[in-house]
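Here you get one chain, nothing else, as structure tokens; it is the form predicted alone.
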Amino acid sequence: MNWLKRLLISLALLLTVVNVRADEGMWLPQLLARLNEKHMKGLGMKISAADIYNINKGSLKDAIVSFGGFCTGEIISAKGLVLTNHHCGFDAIQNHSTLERNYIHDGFWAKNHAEEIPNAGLFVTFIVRIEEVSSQVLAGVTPAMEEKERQSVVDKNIAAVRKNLKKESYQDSHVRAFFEGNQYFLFVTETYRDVRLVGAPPSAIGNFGKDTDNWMWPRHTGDFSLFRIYAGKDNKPAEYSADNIPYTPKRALSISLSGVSENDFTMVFGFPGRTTQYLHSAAVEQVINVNDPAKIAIREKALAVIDAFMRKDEQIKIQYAAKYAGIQNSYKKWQGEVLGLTGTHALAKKKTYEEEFLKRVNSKPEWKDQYGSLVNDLQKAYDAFRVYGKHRDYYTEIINRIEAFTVAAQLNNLISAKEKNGEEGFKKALPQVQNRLEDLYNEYNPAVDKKLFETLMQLFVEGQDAEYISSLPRQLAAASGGFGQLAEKMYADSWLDDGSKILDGLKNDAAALLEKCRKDPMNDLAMALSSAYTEKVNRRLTELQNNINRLQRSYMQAQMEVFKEKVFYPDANSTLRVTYGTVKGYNPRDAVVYDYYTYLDGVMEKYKPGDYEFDVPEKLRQLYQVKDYGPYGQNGKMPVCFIARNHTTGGNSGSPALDAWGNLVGLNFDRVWEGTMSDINYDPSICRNIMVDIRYVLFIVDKYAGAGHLISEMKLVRPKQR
């Protein structure tokens, strides 16, 4: 029996095990009937796996979309109404906001279809079906292959699988690797590109608590926004047209007014981005002590710069709101990740696990021969990787924060396109570069970027070993009298911070502009930094990463073969997954116990008039004063958020939280701070996902916004008595 057959048999055996650990896991929906249904029903689920995933008739999967490729959304009406998070729709909300028409501050509600706003570039993707294609993709692959050669064979096989696939002309497909490339699945998809903004609460509701409350519990945020999918008259995907009509879905979610109670079954359906549950202990140690601390320090500096400008200038606040939120989100997440990994003794648990792995491996000669050195080899590989990983994080975090460097990179891409592919390549690349730079300059302020340059370039030089970086920034700073003076000189001499000149140049005489770019001092510095990084860090980093990938793939295969009693779920990779658990509070530290629900009372307790984070709109205060909650309140109170043991991560933002009957009860938007390490080490004692109660969403839409016409589209149910 060759290695591939043995691997596929091991994977098949894996999928027959049903003693699933409670709460943990991101499961492929087409495997639920075989792998999870019994356990899900044991936790209280009332529907079947076929109700969740079915390719022969409408099922819950047909109401779930990948929203823009970065979040999840769900269909909540027969007219293609999509619910997702406020922070997922924020870029669209921001793009339509001005000082005179500030949808970030005031919110937005379309009164009819004609007022719904198109969003260029925004799309939603449905999953039509999922098929395993491991044997086809791995055909011709051998264990002796180098990574580059292996990937070449895999890529050719994937191309053949997609080429031979039977699908509709308006459908697409992609193949994703699972279990570190030991298994592959094909996804057939349908993408709709006419997605219009329908409604969004003001940020004082949709982002209540902002930075202070981000990743925290208790939470009181109405983190939602509404969009609508439009289709051609045949209900098929179509580019934007005024003649398009609201999409009629195969399935729309029913919405429960019953709420949830402690220990109730909940299920989250969505597109989680990336997890790394099966890492070697050396990788976890570097996350705790090297990578996360470096990124936290850099983002702390960047946030301080941007915040100082945003607090003084409303226009800058609008321009930089989305960027600031994105920077801050990961910054705080990494802090919680380090706290959680340390507090749950994740490193010690990994080492204990590896000791047991080696004990079992050494007990069988065939395992010892094949896997005996894996743990030690991975340790050596990560030891070599350590210093390069640190310098990678410094480079990517700092260079990506300074937008003048981003402009230089885009213009250099245009230069490269012309040099490699002549005038034809240049003409093809020019519109893409123009669009990207237009988007960048719309949310750009030269003064902010100059201060970021001053602050971060100093950190770039002082925080790294000189042998791994270009000497040019240090030399320029010394010649200028410091980084502050260097920033003044660079931005005075450079064209790259002047959006009108750059965009006009690209439009009227791109060739002349690119010649100026070649000689621009900011471009010279960007090129020097990039060249040094490529030569001194990235080339070696790529070699080391390829070796780690090879070893990790073998380690993954070995774990599944050695730990027969353990059920392995694949790491998240932005594909459709189901996670499930129960509603539960938690005890994060000594003498602290958190309940599982929050109410509008808590919003008012946090209220600070005029505060950037905790102001509350007057109308919401009035509704609270008279307790006008309509049918959405419970026992005289208005539920806002709740938590449960659902294993979620980035990409699950906007995912529906479903009850035992498959009805919508909440909208996933965050995790608790102590449990953000769930990407690496899920621990059911403190890992909780945070959801806005769907009744709070309905209350805001109906009673606050007066958008009852949207409520009338939805199917409201009461599956259980209160």
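Throughout, we count residues from 1 along the sequence that is shown. What you see is a predicted model; the values in this text were computed from it and never measured.
Separately, the form predicted together with arginine exists; it is not shown, and the next lines address it.
Proximity of F405 to arginine in the predicted bound form: non-hydrogen atoms within 4.5 Å are absent; the residue sits far from the partner. Shown alone here, S494 lies farther than 4.5 Å from arginine in the predicted bound form, counting heavy atoms only. Although the partner is absent from this view, K516 stays clear of arginine in the predicted bound form, with no non-hydrogen atom inside 4.5 angstroms. Taking the partner from the other structure, arginine in the predicted bound form has a heavy atom within 4.5 Å of a heavy atom of K210.
Here is the short version: of S77, Q183, N214, S203, the single residue with a heavy atom within 4.5 Å of arginine in the predicted bound form is N214. Note on the partner interface in the predicted bound form: the residue among M145, A177, I117, A325 having a heavy atom within 4.5 angstroms of arginine is A325. The stretch in contact with arginine in the predicted bound form, judged by heavy atoms within 4.5 Å, is 667 to 675, chosen from 692 to 700, 667 to 675, 57 to 65, 36 to 44. If you take 54 to 91 and check each residue for a heavy atom within 4.5 Å of arginine in the predicted bound form, you get just H87.
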